[in-house]
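Before any questions on how it binds or moves, here is one chain, the form predicted on its own, in structure tokens.
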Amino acid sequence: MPAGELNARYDKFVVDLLGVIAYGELSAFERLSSDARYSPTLHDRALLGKLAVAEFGHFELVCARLAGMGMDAELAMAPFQREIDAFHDRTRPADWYESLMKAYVVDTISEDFYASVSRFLDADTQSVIAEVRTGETESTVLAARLHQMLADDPKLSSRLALWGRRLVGEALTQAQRVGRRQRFLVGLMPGGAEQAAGEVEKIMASLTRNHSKRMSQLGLTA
């Protein structure tokens, strides 16, 4: 494959990746800001508000990287807007408990996804994604709050376990749908589409395993 064609495919992959991350972070900001209204205490409202601010900061970081590449962030996000909005419409929480679980599941799966794809990227893009992934502390805060919630009301366990399974199923289906449409990783693999499909399958399996471990740590059945 000519070097120019390979570079063009790589650039498209990076722009698509940053576009989906940027819109995901913007959506997370909006979701957390809105869900904060249902918080049972002011402390919880402040918690979600702080997480929302962090997500917006991540959004700005990714947009800055796109601008540095000479790309318009809005154009990069546009192909993913309908899919991500549809995901959030399908997984609208019924209450505060489901809202917190959704924030945790989506945040941690996103973290795992970013980690999985970072190894294919150039140093500058890796650096930006590493900054976006500094949300590990946020995930820890969410996990601690979920632990406390489940300890205070054990009856929540079955409902949140079911909700967690639905969330991860929707998230992985969404990722696969976008991946197929955008020909995810094709052009970066020497083996082309076949190798890329195999790599995507490995990533999805890893995301599922890690989610199951986290649910077990919460005392929930994945």
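The model shown is predicted, which means the values in this text are computed figures rather than measured ones. In case it trips you up, residue 1 is the first one in the sequence shown, and so on.
The following text describes the form predicted in complex with another copy of the chain, which does not appear among the structures shown.
- The chain is drawn here without another copy of the chain; in the model of the complex, the stretch among 140 to 148, 69 to 77, 106 to 114, 121 to 129 whose residues come within 4.5 Å of it by any heavy atom is 69 to 77.
- Proximity of 206, 216 and 220 to another copy of the chain in the model of the complex is absent: no residue of the three has a non-hydrogen atom within 4.5 angstroms.
- Remark: residue 49 counts among the residues lining another copy of the chain in the model of the complex, judged by a heavy atom distance of 4.5 Å or less.
- Taking the partner from elsewhere, residue 36 is found to have a heavy atom lying within 4.5 Å of another copy of the chain in the model of the complex.
- For residue 43, a non-hydrogen atom is located within 4.5 Å of another copy of the chain in the model of the complex, even though that partner is not displayed.
- At a distance threshold of 4.5 angstroms between non-hydrogen atoms, residue 31 is in contact with another copy of the chain in the model of the complex.
- Screening 26, 161, 172, 61 for any heavy atom within 4.5 Å of another copy of the chain in the model of the complex leaves a single hit, 26.
- Along 142 to 170, a non-hydrogen atom within 4.5 Å of another copy of the chain in the model of the complex is carried by no residue at all.
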